[in-house]
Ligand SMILES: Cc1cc2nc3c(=O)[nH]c(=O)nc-3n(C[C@H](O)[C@H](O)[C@H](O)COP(=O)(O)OP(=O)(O)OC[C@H]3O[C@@H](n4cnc5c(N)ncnc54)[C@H](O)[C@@H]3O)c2cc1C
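Next comes just one chain, in structure tokens: the form predicted on its own.
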């Protein structure tokens, strides 16, 4: 539906009561062909691709809170695909390529800004590693390059390069296709697109348990009633181990808080997404002008969507070390998501010990950048009962065979 300026003004004056709903408020049916647990980006993308690519439309997405209220709405919005192992590069670059065409595909502006992802290089060892990484990426068909110190100075005029910084800057690794995507828009866009294909999106619907039948699950007991289904997809990030426990198996997942925070808005001053391996801090500026800052995981296990002051202090200290002028900004708000960390810092995709349950988890701090890929690959498993070739190395069995994909060690930083 198109709106003129007069329509927009009228909506503002009448309390925004006349907008059409983006997706239906559905009551759960007694039976579905497939049920997706988790109404974040990965779960909604799974439902969308199940309907679009595989023609399965009798689908329910169950979300215990509200759409996008978990990690999808609680991250720093950065996207990139500069991962080193071929298996990782294939998945993350699939995600980035799907993001690049998503707005047109679903007719929803996800506000993709490919402003460039920069990893600062502080010493000769990091320079050697960055050159090695760049060569490896090119072998995997992924873009990336090294830029020198003068180029970094031009691209990041407020970065402390010449003022005798604690961490000198020799250059940076740059992926030009990297950048940011509006996190809420990803959730809302996939939700609206899935709804238009017939998917039921059911909010405030918590999974309470499962009814087993043989080696599979016959029904899901929820806070809004019992639902029978043929297949189940699980995409609940840091709560994956809890769902698995309900279903009768264990996952090698630990849950941690990952904090982020934003400053008051200022004029455009930071054109690129930046991370420093020395401070562990990553920064970008939103379209509203806020400076978004994130850093390392909180060290304790938690399901709380809040963090600790020591982590806030560390992130702010690292930010000011990199950009001294930001010391004058006021911090407006902070939050945390609950991330699912596994031993090799790589996702878990595909089958589980329950015959008709498939899972998408273990992304740790990198889940948002892989939303389209995670949804596409989980949809394939649910529809076909088989693992997509792109996801074959990321099954649960790797923790038995010890054929891990240790991307945390390869990339030099966990996310």
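Keep in mind that this is a model prediction, so the values were computed, not measured. Numbering follows the first chain given and starts at 1.
Absent from the display: the form predicted in complex with the named molecule. The rest refers to it.
Remark: all three candidate residues (64, 76 and 239) come within 4.5 Å of the named molecule in the predicted bound form, counting heavy atoms only. Mapping the unseen interface onto this chain, residue 373 falls outside it, with no heavy atom inside 4.5 Å of the named molecule in the predicted bound form. Taking the partner from elsewhere, residue 346 is found to have every heavy atom lying beyond 4.5 Å of the named molecule in the predicted bound form.
Using a 4.5 angstroms limit between non-hydrogen atoms, residue 72 touches the named molecule in the predicted bound form. Under a 4.5 angstroms non-hydrogen atom cutoff, the named molecule in the predicted bound form has residue 37 among its neighbouring residues. Site annotation in the predicted bound form: the residue of 285, 319, 259, 276 reaching within 4.5 Å of the named molecule with a heavy atom is 259. Residue-level contacts in the predicted bound form: of 49, 363, 32, 358, one residue has a heavy atom within 4.5 Å of the named molecule, and it is 363. Note on the interface: of 23-31, 386-394, 39-47, 348-356, the segment with non-hydrogen atoms within 4.5 angstroms of the named molecule in the predicted bound form is 39-47.
Shown here without the named molecule, the chain has 205, 206, 207 in 203-220 lying with a heavy atom within 4.5 Å of that partner in the predicted bound form.
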